[in-house]
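In structure tokens, one chain follows: the form predicted on its own.
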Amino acid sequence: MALTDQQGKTPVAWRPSLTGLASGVGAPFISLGFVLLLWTLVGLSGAIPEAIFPAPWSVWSATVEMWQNGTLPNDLKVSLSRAAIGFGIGASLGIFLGLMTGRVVVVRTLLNPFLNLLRPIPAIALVPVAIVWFGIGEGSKYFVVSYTVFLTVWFNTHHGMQYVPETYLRAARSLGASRFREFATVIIPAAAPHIFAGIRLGVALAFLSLIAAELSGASSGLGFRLQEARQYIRTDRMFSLLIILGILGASFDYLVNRLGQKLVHWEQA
């Protein structure tokens, strides 16, 4: 198809911009489509046994099977509930304590060394302790998720509060702002991008730590179903559950990112 210029003389070739498509909304679909194509070709070739690397249609069949027998809807509901409650507790505590350690010297002196000592300890290492403290019920799952999210959100909030530009504070004080108003209208908005970065990272880590908690001491949830699939060597179910986890994590990450862009709109300017 050819288009003409404004004078109607020179033909202008119409070519879709692949670069523009790849850098826009179509980028994720191009990437996923490419990977799915490669996966399909590997499945059709039969080079790798299905028991080790299932084909896309086998994974889809396993997903439909788990959905129809009711295990997948129930596991999704249980896991999302655990992740949401654990994330809510951890993020709330992380933001609150980050605000305190970032601006209050006494709190920072008392707690920072201890919190920095906890940061390198992975969530999965706390699973046995959580089971001893809270049993194999929901409490241990909430604890592991909250712990991981708390440390991530706390660190980002603390970092953002500590590195508020001094010029902002001087300008607020020169205009006669009270300490409370300075804190609420200058310090927190300046630190907000760091806080949302911590929340965004915390969403991903909530699912990571949740699966670690559900792999032991659980009788439902996506992590438990993964463990069960491993015991029965159902790699088709394992792939299905891993893909579902990826979709869930990416979806919540996108939603938090969009929310951050709307609420912290001054950062985009």
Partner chain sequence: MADAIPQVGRVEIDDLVIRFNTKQGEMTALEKTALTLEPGTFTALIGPSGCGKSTLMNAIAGFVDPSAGQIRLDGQAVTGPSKDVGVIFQQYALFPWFTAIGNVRFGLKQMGLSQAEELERAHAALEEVGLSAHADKFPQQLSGGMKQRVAIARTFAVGPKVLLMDEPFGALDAQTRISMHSLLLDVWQKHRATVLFVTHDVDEALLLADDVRVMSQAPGRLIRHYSMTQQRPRAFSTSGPELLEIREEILGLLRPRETANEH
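Since the model is a prediction, treat every value here as computed from it, not as a measurement. Positions refer to the first chain, counted from 1.
There is another form of this protein, the form predicted together with its partner chain, and it is not shown here; the text below is about that form.
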Contact with its partner chain in the model of the complex, heavy atom within 4.5 Å, among 186, 80, 111, 97 goes to 186
Contact assignment for its partner chain in the model of the complex, among 85, 115, 190, 107, heavy atom within 4.5 Å: 190
Its partner chain contact at residue 155 in the model of the complex, heavy atom, 4.5 Å: no
Any of the heavy atoms of residue 173 lying within 4.5 Å of its partner chain in the model of the complex? yes
If you check in the model of the complex, is residue 134 within 4.5 Å of its partner chain, heavy atoms only? no
Considering non-hydrogen atoms and a 4.5 Å limit, does its partner chain approach residue 177 in the model of the complex? yes
Quick one: find which of 165-173, 142-150, 195-203, 115-123 has residues within 4.5 Å of its partner chain in the model of the complex by heavy atom distance. 165-173
Contact set, 129-164 vs its partner chain in the model of the complex - heavy atom within 4.5 angstroms: none
